[in-house]
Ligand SMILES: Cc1ncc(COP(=O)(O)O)c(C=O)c1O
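Here's a solo chain for you in structure tokens, the form predicted on its own.
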């Protein structure tokens, strides 16, 4: 575990009210993000669009911070409403042909399941459904005739983290389009999309990126942008989008082609600030601390006789820890924890904890104590 730095707790007023272990659902805003959004609200109220260039700089800042975080070009970043829109941009934008094969995984969050299931039901492609726990050899075999592989970096329920680089090597070897739903890993772990061979990646800002709801990011490698047609075709999709008199429909030469209209400026102010905060801390330090926190939780929960959904290992652990105890209604345990100001999430018969880097080991101990008290009171 890595606790070699002290986070700026002033950035997280939520700590004054709660033990917040629910970043895999909706994260609290850091102060810097809330302040940035408030500045925009006050500016729009007092000045209208007078400072519009500053608004656009906030939008461009999101692209810049993502490029820093995952090692891509600024022109490879588009902004989307949420992860689902990012996934759909890839799913609907590709020109599917008879005989195309998609490799997908049955444990996925619905956003990264329904889109591929829909293609399968419409007979637009064949889907080979695997498990995220399958060995790499089985994924390799499924990819031999595949066109696309879609997988989540970290599973939303079990917290199992896949080896993106190893899967990327499989995709590269077989010439497979590699898509990653990164929402449960982006903002926690370091990532180099080029080294991993990822062609496209989507994530919302409101979880581990510590941003507001309703604003996310889509990365599309420049080399494959011409393979993905923008199905939401709007006025900012085209090359001459700033020339309102133009009727030329040539696409933009960057990922902005996937943005059909006016952007979420308020969300951009907040998300830029949150991502900048994380980048300044450094993803190596963030990941070390998050894994240290979940390790502490794991030890305490096991001592209480709780069952973890999956065994955690150095290469597969994440910021998500789902647990239960035999004979205990997990929804009641979640409610009892909330009454003790411990924020968790009830998920499919499990209670899910998901702490972020700014929390302390002592707070993990307090959360375990709250679990013990809750179990005794149910």
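Numbering follows the first chain given and starts at 1. These numbers were taken from a predicted model, which means no experiment stands behind them.
The same protein has a further form, the form predicted together with this ligand, not shown here; the description that follows concerns it.
Item to complete: Tell me the stretch among 124 to 132, 106 to 114, 226 to 234, 266 to 274 that has any heavy atom within 4.5 angstroms of this ligand in the predicted complex.
Response: Result for this chain: 106 to 114.
Item to complete: Please run the contact check for residue 186 against this ligand in the predicted complex: heavy atoms, 4.5 angstroms, yes or no?
Response: So residue 186 does not count as contacting this ligand.
Worksheet item: Within a 4.5 Å heavy atom cut-off, is residue 207 in contact with this ligand in the predicted complex?
Response: Yes, residue 207 sits close enough to this ligand in the predicted complex that at least one of its heavy atoms falls within 4.5 Å.
Worksheet item: Heavy atom to heavy atom, is residue 24 within 4.5 Å of this ligand in the predicted complex?
Response: Heavy-atom contact with this ligand at 4.5 Å: present for residue 24.
Worksheet item: Are any of the heavy atoms in residue 219 no more than 4.5 Å from a heavy atom of this ligand in the predicted complex?
Response: No, residue 219 sits far enough from this ligand in the predicted complex that none of its heavy atoms falls within 4.5 Å.
Worksheet item: Between the options 294, 84, 91, 158, which residue brings a heavy atom to within 4.5 Å of this ligand in the predicted complex?
Response: By the 4.5 Å heavy-atom cutoff, the listed residue in contact is 84.
Fill in: Partner contacts in the predicted complex for 291 to 321 (non-hydrogen atom within 4.5 angstroms of this ligand)
Contacting residues: none.
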